[in-house]
Ligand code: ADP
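One chain comes next, on its own, written out as structure tokens in the form predicted alone.
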Amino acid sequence: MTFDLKTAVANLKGLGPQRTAILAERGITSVGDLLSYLPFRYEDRIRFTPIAELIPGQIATAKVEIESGSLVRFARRRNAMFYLRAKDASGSLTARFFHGTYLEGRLKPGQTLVLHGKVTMDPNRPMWMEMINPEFELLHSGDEPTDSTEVGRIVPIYEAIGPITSRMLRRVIYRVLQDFTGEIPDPLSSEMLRRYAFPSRREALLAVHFPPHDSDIDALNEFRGPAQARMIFEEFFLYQLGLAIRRQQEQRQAGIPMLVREEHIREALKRILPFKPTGAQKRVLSEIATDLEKPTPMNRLLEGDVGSGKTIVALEAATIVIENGYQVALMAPTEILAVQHYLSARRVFAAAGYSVELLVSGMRPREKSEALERIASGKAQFIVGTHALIEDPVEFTKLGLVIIDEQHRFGVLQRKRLTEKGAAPHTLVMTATPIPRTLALTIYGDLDLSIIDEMPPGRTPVSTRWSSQEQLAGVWEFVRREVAAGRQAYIIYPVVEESKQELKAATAEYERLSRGAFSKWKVGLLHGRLRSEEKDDVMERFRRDELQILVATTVVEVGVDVRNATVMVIEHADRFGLAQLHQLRGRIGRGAAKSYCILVAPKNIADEARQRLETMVATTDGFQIAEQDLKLRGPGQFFGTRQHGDIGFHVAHPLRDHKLLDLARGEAFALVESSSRAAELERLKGFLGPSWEKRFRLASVG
């Protein structure tokens, strides 16, 4: 059978209906989809290692002759172990296969076999080497078959898809490539291929699945092979092309041009400023003001580390819009943060006399009804709320600006629903979790990017240390000294109530600490299961210093601002993500006093958890932390990027491949902006797939 890109995988030999359905769940329905499922690493199986030269702990490939094979059944278990003894000219080797019933009668003395796996010492024969569950392939007549996918080559390793193993995928893809006769259209023009010395798409697919024998295995595993570079560039190019097209469409949309440079607006901005802005804040406000003047909607991402002053910049932007006669809506992910923004806006806007409104789900029916009426009539000029803002009863008179705080906490459709409550309002999305520029260009490539990279004066870096459970008595003594000096402290736990995970819980520790270590002081409890009014009451008492110590869960991760708090103790710190730890630490160090973050975790923990805690101790720079987080988790998990239009890269990695990302972005945006390349652009739209408009429409909202 011959294949082309449109051939259904259901027609491929060796898959069957069940496996075809499993592939379909991963979006693999055609040969083209299958060939886009690329290896994630490679193994050099060209050279065989003699048994005498095998080293425990290493992964090796050995060509052996079977001496004996036997199946051992366990009395109380349904499965069995297959034991294999093999040899070569230099020595003997054993191999064990769990669930090995299928090997009985298949592996026989005298057969030549290739084994590939990790080498260990045989526990029953101290001088013998052993492999457990190695990959294997039978060779015919002592020679490897010419079509082998397992040996005599650099072998691609694929991520298994359920029961469909890497080996099975390798063999199916090999057969497809052997019999492939169809055309492989290339999204990259011949000029682009020459410019970057890239192979064609057909050549790249062959080489990336089954690299030539002389390929550099280290370069392949670092994704630096020529074919891989081309495939990475292509993925970035097509993604950025979709973003560039979407941006061009938005720029054609009629927006609301705002007057910015008038004297009354300058005076209004001066009235609301509580302090002299930093140079970074001035620069970012200038970028936002320039956008607001344009007759097209602003779509801008405002990044800044915790405490860098994003909120006051957002309120300055809101001042410009309100002075132009329009309303501003700010949507926050939690009621605690919404209330804090509401109180902050009331304080800042008091001198200007703007009407500030709060709308959250926990309001009493009468209060909510009256708030909705003021919003609909236009009396409310600056409206702060949670998801309640996107509910159907909410109507704005003249919505001119939408501000989304902590944007990664919202789904894209929620953000879109808020912007649709106005006639193409300007949009400003903010995040206090810095995003590496490469990831920002990937997820938010059609948004303009503003970064506040300067902290306001008077903030001192937080000192962070890692303590063990055994040192907890000393930690509590330190907290007592700080509280006795007039400071306040947070103590964070990962869960609300005790569970089978053997984690300390906020409720139990609150009872224990308030009666024991901190019985002389007022201790509060804050967690997500409290009613809205209870949470607000606890947080307000802590702000007013009526509570000196706050025992809490991660509900305080975002937005809580208590300048007198100088200590944060995080128990079970190894159970928290890196970005989450940085956000929690950002709750302290907001005043002039020296602040301290103490991470309590065992010294003997998994490598990834150790790297997280060591990073926290080493730096307070949010952008360094974000880059390390991206390295540890990968782009698919960083902020749960599936909600941002499902990036879905097969081989590209924004951090690792940032140079290729910059090149691809430049090519994509230049193509869309060139009026003479309209025909090429139309051709390329076919490579974006039928759902590209929905994909990039969702990505663009936030």
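Residue indices: 1-based, along the sequence shown. Remember, it's a predicted structure, so these values are computed and weren't measured experimentally.
Here the subject shifts to the form predicted in complex with ligand ADP, a form of this protein not shown in this document.
This chain appears without its partner; in the model of the complex, the one residue of G255, P277, P494, P187 with a heavy atom within 4.5 Å of ligand ADP is P277. Screening G524, P456, G91, G362 for any heavy atom within 4.5 Å of ligand ADP in the model of the complex leaves a single hit, P456. Among residues of the shown chain, Q281 is one whose heavy atoms approach ligand ADP to within 4.5 Å in the model of the complex.
Contact between E335 and ligand ADP in the model of the complex is not found at the 4.5 Å heavy atom cutoff. A residue is said to contact a partner when one of its heavy atoms sits within 4.5 Å of a partner heavy atom; R563 meets this definition for ligand ADP in the model of the complex. Among residues of the shown chain, V306 is one whose heavy atoms approach ligand ADP to within 4.5 Å in the model of the complex. Residues with any non-hydrogen atom within 4.5 angstroms of ligand ADP in the model of the complex fall in just one of 478-486, 268-276, 612-620, 565-573: 268-276.
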